[in-house]
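Starting off, we have a lone chain in the form predicted alone, written out as C-alpha cells.
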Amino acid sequence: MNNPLTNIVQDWIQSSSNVIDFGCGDGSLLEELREQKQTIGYGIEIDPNGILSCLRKNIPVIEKNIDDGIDEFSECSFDVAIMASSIQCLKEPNVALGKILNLSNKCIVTIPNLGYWRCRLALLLGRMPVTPSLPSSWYGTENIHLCTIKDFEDLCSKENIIIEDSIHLNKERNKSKFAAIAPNLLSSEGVYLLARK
C-alpha cells in the first residue's frame, strides 16, 4: 500500500501497539502496520468483500456496523483506534468519538473537507461536490455528516478532545505546506491524532 496516508499513520503509532481499525476496508492499513510496526491489529468492517480481503491477509476482523459495534469493545483497551474516512458515515460521530477515546489512548481520524475550494466551487455551481476524498455522487454516498476542517476542530474543542497533531492533504492525498496555510479552504482532507483531556 505505502501511500502518504499510511506513512502518516505509521509515524503516529508506536511499535507493538494494540490497534483497532473501525471501518478497516480490505485490511491493507492493518497489514502494513503489522509488517512495518509489528502491531497487533483488529478490524471492524461491514462490507463482505472487505471482510474477505482481511481474512485472506490474516487480519482478525469482525463484521459489524460501527454505529452498533463500538459498545461491544467497552471492556477492551487499545493503544490506538483508527477511523480512516468513516466518521462522517456514522449517525452520531460526536458520540462515537467519545466512546472510541474511552477504549483507546489515541484515535487517528481522517475527514474529507467540505470546505475545500473545489467543493465550494461545485456547490456554487449548484452541484454536490465529487472529489478524490468525496468520490461518490450524492445518490451513491455513504456520507451522512459531512463537515469542514473548522467544523471538526470545533467539535473536538466542544467535546474536550485534544488535537495532538494534524496534517492537511491536497487532492492527491499528499502532505501539503500550501494546504496547511489555510486548511479549511485549501485542504481536501484532514488527518488528526486525537486524545482525551
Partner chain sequence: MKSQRELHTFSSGIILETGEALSSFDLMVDTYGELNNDKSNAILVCHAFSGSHHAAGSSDDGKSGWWDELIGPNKAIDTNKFFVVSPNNLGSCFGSTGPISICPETGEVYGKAFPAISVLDWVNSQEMLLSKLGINSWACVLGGSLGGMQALQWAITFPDKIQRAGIIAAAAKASSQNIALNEVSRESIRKDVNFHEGDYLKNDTFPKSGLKAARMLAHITYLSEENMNKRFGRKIQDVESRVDDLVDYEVENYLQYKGEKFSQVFDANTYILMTRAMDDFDPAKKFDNELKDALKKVTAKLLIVGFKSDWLFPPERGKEIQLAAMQSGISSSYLELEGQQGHDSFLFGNERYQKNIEAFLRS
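Positions refer to the first chain, counted from 1. Bear in mind that the values here come from a model prediction, so they are computed numbers and not experimental data.
The form predicted together with the partner chain is left out here; the points below concern that form.
**Q** Quick one: does Tyr42 come within 4.5 Å of the partner chain in the predicted bound form, counting heavy atoms only?
**A** So Tyr42 counts as contacting the partner chain.
**Q** Do His145 and the partner chain share at least one heavy atom pair within 4.5 Å in the predicted bound form?
**A** No, His145 is distant from the partner.
**Q** Would Leu169 count as touching the partner chain in the predicted bound form under a 4.5 Å heavy atom rule?
**A** The answer is no: Leu169 has no heavy atom within 4.5 Å of the partner chain.
**Q** Does the 4.5 Å heavy atom contact test between Glu72 and the partner chain in the predicted bound form come out positive?
**A** So Glu72 counts as contacting the partner chain.
**Q** In the predicted bound form, which of the listed residues (Ile149, Leu134, Ile51, Leu33) lies with a heavy atom within 4.5 Å of the partner chain?
**A** Of Ile149, Leu134, Ile51, Leu33, the residue with a heavy atom within 4.5 Å of the partner chain in the predicted bound form is Ile51.
**Q** So if I measure heavy atom distances to the partner chain in the predicted bound form, which of the stretches 53 to 61, 23 to 31, 136 to 144, 150 to 158 falls within 4.5 Å?
**A** Of the stretches listed, the one contacting the partner is 53 to 61.
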